[in-house]
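Below, in structure tokens: the form predicted alone, a single chain.
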């Protein structure tokens, strides 16, 4: 299987069958269709899913999902257990990020929604000080969700240049900020290269200009605190920096919850009012949603609550200790192969690498042929690996296949850096 598996012929429109099919046939076809999907369960996929490879963890997640398979998190009056678990999760994340007393946090479906809510809140707060034509300043390496949020909220985007080490250039950020800036962004750490932006310097720029600062820890929120707990050097990125006003952290990444769980935390609880929609001009009475969705799946809330309580800080630190060692094995193995070079200085379990002697995308094609799914990055061209605990068992196999791919790279099939866009 390759990561360019697309049909060039028009797809006929599917129609609902007149008569229902046997459940055994439906389920069998479903599993048959999965045969073309990325084989994440065999450690072949370096993004999108974050498996621990532990049966006990998978068991807890399965139980939590089954227990809340049919509930609706839209209405906490009918499902108070969901409301209390959601508050527990947001409180625990806020504590993990050293949020001060009086902070507030909200649960969302993922990093994109957390970022969208953060941008919405920042726009509304800026309007209170008279800003009507706002802009967002973020480094080019920031997640596309910030540009998407700006599109939705009607804000101007101001991407800024990176340094040679792929971190944000604080001088470029400072030049882009003006009195209409509603939000400055830094990644802790970023998706393309796994490097930490200079969060302290960037948040100070925001503080000096009286604007909000978002420390995007969607990836790092459940990595950096536990690395710090292990005594590893981690630059400050959270609310211990006075200029940081909000932080996003995904529980469904390195928090190991199943998909649909993220938290956006604000320095002040009162700011949550700006992301909360209320409406009572309809016959059913008061309607309130604290996020973008109305009806919401309940199982992600339950899964996040269950896994955080099951593992606890020490459990996360134990996983992180092994994950740091696994990442080091991958890094050393990559660096020992002729021509390969790690891009930047990644801090956590995310590596991107290039080749100074061969077409790295051709190397990626050969890995595709062997069933490995590595995303591509550009400027410079590279291959991207987000490493999970499950990969520990497959490190040697990957490095062996990578060595073979380097030795027999050939020509690229022309598959460029495309995260999920088929066009």
Ligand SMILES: Cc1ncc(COP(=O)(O)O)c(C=O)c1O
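Positions refer to the first chain, counted from 1. Only a predicted model underlies this, so the values are computations on that prediction, with no experimental measurement involved.
Here the subject shifts to the form predicted together with the named molecule, a form of this protein not shown in this document.
Engineer: So the named molecule isn't shown here. In the model of the complex, which residue out of 93, 304, 115, 212 has a non-hydrogen atom within 4.5 Å of it?
Structural biologist: By the 4.5 Å heavy-atom cutoff, the listed residue in contact is 115.
Engineer: Which one of 123, 296, 253, 193 is close to the named molecule in the model of the complex, taking close to mean a heavy atom within 4.5 Å?
Structural biologist: The option sitting close enough to the partner is 253.
Engineer: Would residue 205 count as a contact of the named molecule in the model of the complex, using a 4.5 angstroms cut-off between non-hydrogen atoms?
Structural biologist: Residue 205 lies outside the contact set for the named molecule.
Engineer: I'd like to check something about residue 346: if you look in the model of the complex, is any of its heavy atoms closer than or equal to 4.5 Å to a heavy atom of the named molecule?
Structural biologist: Output for residue 346 is no: heavy atoms all beyond 4.5 Å of the named molecule.
Engineer: At 4.5 Å between heavy atoms, is residue 216 in contact with the named molecule in the model of the complex?
Structural biologist: Judged by the heavy-atom cut-off of 4.5 Å, residue 216 is in contact with the named molecule in the model of the complex.
Engineer: With the partner left out here, check for me: in the model of the complex, does some heavy atom of residue 225 sit within 4.5 Å of the named molecule?
Structural biologist: No.
Engineer: Thinking of the named molecule in the model of the complex, which stretch from 152-160, 317-325, 99-107, 245-253 has heavy atoms inside 4.5 Å of it?
Structural biologist: Selected range: 245-253.
Engineer: Taking the named molecule as it sits in the model of the complex, which residues of 120-144 have a non-hydrogen atom within 4.5 Å of it? Please list them.
Structural biologist: Read in sequence order, the lone residue that approaches the named molecule (within 4.5 Å, in the model of the complex) is 143.
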